[in-house]
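Single chain ahead, by itself, as structure tokens, in the form predicted on its own.
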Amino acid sequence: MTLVSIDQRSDLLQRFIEVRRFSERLVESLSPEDCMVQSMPDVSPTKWHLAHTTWFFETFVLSKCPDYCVHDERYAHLFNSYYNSIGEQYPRSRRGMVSRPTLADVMEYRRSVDESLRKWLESDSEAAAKLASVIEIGLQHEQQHQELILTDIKHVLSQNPCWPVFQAGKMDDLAEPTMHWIDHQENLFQVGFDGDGFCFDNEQPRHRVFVESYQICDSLVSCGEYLKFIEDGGYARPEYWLSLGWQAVQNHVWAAPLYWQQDGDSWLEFTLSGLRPVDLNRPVTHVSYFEADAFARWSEARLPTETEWEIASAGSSQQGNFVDTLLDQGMAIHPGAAQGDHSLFGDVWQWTASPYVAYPGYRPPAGALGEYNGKFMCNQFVLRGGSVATSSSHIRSTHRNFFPADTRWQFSGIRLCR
């Protein structure tokens, strides 16, 4: 086995510290009461996210160290998410019932695990070499949960009629976006991850796909464009909707994106910075796959496949509006209005028309970590590009996010194709 050098261990430890601290930075404005609420079954309390990401490092890394003593044996049941080969899990829909351990207990758990991993990483180069890839998965996993912390607490706070502010920040005045169609000629393309650095197992193997000629829009669909769909009776016209989508509209009484509400002739939107007027020039967000697909049909267009999206993103800048860059600039955690290359990444996750399935030749990794992605390849659609809740170091052109078609609480938006 090749040992990890002192410099490599130092870099890994520094990244570990930065990612773990960023989770705690995100929750600085929250009270212990905020961190306990579960507003719907898909939402997890902030406290649970902080504990679960710690459980991941304890379970998959520190448990391999012969001298490590588990912080609290009860946490194995409370904070396991879906790893059946590890053990039983506390029901997801009841995570908001767990008032103990307290938030203070969870933060102490984080400090204890962080200190143990730091000491181990500094002292055992052979173990560091063996488990460095698992630590990296743990860091990427924590960044996914940082995103969930934001999407979940937004849903939690939206239930409060006082419209509380999670994080104040500036929002620049934006010009009305313009729409341009970018041509892509038919060809045989290579897609999927193939390079240095990290990727999730579902981004591989790289493989060939023949794609017909298509055009893709260089800007995201704006709130103003989506409002025209609403005003044209889009939510009341079944001809635009998939059968299951129309059923969802009727069952959930959808009439606008999640967090929009009408005030007389005006529309307001709940944001992480509180209740604000809908900015017509910003990308529409918090729409389901069903809504994105219906809007595309109304627009006489369609959603791109994930392959078409990945081809369009090749060679483009991965700069965009991400949570870390927005916070560093004192900006609100809310989509902006990037156009051209800059609109492909950040702002909102973009629904594609592609079901979440395995690439040709895919095999999940052996062991419990094989449960990370593969077993969810059913009844979900792929989203690409990241959002304002994503960290800039967590996104790639090959990154495949996935959610059920009726999901709305994520920062999900629309890009058109034809």
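So that there is no doubt, residue numbering starts at 1 and follows the sequence shown. Source: prediction; values computed, not measured.
Form predicted together with another copy of the chain: not shown, discussed below.
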Inset, instruction - With heavy atoms only and a cut-off of 4.5 Å, decide whether residue 405 touches another copy of the chain in the predicted complex. - result: yes
Legend entry - another copy of the chain contact in the predicted complex: residue 67, any heavy atom under 4.5 Å: no
Inset, instruction - Please check if residue 368 has a heavy atom lying within 4.5 Å of any heavy atom of another copy of the chain in the predicted complex. - result: no
Inset, instruction - With heavy atoms only and a cut-off of 4.5 Å, decide whether residue 175 touches another copy of the chain in the predicted complex. - result: no
Inset, instruction - Quick one: from 330, 161, 197, 264, grab the residue that has a heavy atom within 4.5 Å of another copy of the chain in the predicted complex. - result: 161
Legend entry - Partner-proximal stretch of 321-329, 278-286, 244-252, 344-352 relative to another copy of the chain in the predicted complex, 4.5 angstroms, heavy atom: 244-252
Legend entry - in the predicted complex: members of 34-58 within 4.5 Å of another copy of the chain, any heavy atom: 34, 36, 37, 38, 39, 47
